[in-house]
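Before any questions on how it binds or moves, here is one chain, the form predicted on its own, in structure tokens.
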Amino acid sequence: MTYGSMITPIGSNSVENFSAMLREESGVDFVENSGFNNENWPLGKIKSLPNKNRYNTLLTEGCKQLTSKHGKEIFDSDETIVIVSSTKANLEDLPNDTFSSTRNILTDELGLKNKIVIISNACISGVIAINTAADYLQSNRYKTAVVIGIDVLSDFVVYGFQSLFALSNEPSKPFDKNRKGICIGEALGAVILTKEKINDDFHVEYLGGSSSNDANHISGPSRTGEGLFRSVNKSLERASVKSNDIDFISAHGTGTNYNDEMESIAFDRLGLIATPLNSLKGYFGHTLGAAGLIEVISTMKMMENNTLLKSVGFEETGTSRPINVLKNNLNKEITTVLKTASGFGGGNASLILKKVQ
């Protein structure tokens, strides 16, 4: 698996984003009149996007980056499949299919021959999409799978989380004692999975992944971390690795009381309580369907540069299990990493990556 494209509030490609994160920059800032009652909520907003057609503009730019970097041949092959991860797609298409413009843009920009696969499973969509791509490659039907995660800010999303009393009135602080909730963001991320290396860029090996549903609540996670525990256990089994083989965890870490507590319990049950981990939500906000992709890409940059990034906003442990949240950037060789995600509806997903030596 290698880099495709990455556009967030702090950078227009993976190099710019990683450099900004090394400087501990955050793209989360207060947006005027963004709340239902004209409150100024902190959001991860890409300032270069127009007020209208934000989704289409972002997706088109992501496609142009993909073709500029890899050429068009890889995308218009009948041995390539494209999978899109998004929780909402383009709400401006309502009342029609919100994914209609997604299909049109991808077909026009990439010249696709195969039907586009859409995965919309709340905030675990990105991790599930990568797992699904790996399954397609293992079936021997395709040689290449392109996974694109994208979501943009909208009144629907901000008002929705506001109605749940889940929004933080300051930049989110995942796992911190004084965390106040979630900050929503927008982004696009893409990775390319292949059976063989396609260029000299940094590559990682996908070892395995899985998903599980704890069916606890429509929006609240299991208090015992059961779904995440089962997912990670299955991923470890499929990857043929043990808990003590994991060098680093890229956690979901939304900054809400229940999610962060649940993750700490699950990691404790898995024997991963001492493993270094971070949440990247403090840099971008929670980008929903794009989160799994941009966080995997960021983790790949950490592996490439042997540098673990701190969890922005974290100062003091605020979970019942004292997990090893990074308070500072750390230079360290990392070979095998775990990525987790949790979402509405009781969904949990995970995957394991290994640096290609």
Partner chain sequence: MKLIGTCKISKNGAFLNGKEVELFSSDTENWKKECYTNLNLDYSKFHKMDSLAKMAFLSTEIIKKEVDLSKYDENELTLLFANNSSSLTTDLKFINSYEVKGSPSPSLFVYTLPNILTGELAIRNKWYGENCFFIEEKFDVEFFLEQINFYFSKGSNACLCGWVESNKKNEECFLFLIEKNGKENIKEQLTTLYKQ
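Keep in mind that this is a model prediction, so the values were computed, not measured. Positions refer to the first chain, counted from 1.
What comes next is about the form predicted together with the partner chain, which is not displayed.
When the partner chain is considered in the predicted bound form, residue 121 lines it closely, a heavy atom lying within 4.5 Å. The closest non-hydrogen atom of residue 164 lies within 4.5 Å of the partner chain in the predicted bound form. A residue is said to contact a partner when one of its heavy atoms sits within 4.5 Å of a partner heavy atom; residue 88 meets this definition for the partner chain in the predicted bound form. In the predicted bound form, the partner chain sits within 4.5 Å of a heavy atom of residue 132.
The stretch among 330-338, 6-14, 343-351, 20-28 whose residues place heavy atoms within 4.5 Å of the partner chain in the predicted bound form is 343-351. At a distance of at most 4.5 angstroms from the partner chain in the predicted bound form, none of the three residues 45, 50 and 108 contributes a non-hydrogen atom. Checked against the partner chain in the predicted bound form, the residues 233, 144, 211, 275 give one hit for a heavy atom within 4.5 Å, which is 211. With the partner omitted from this view, the residue of 113, 72, 195, 217 that lies near the partner chain in the predicted bound form is 217 [heavy atom within 4.5 Å]. Applying a 4.5 Å heavy atom cutoff to the partner chain in the predicted bound form picks out 36 as the lone residue from 23-40.
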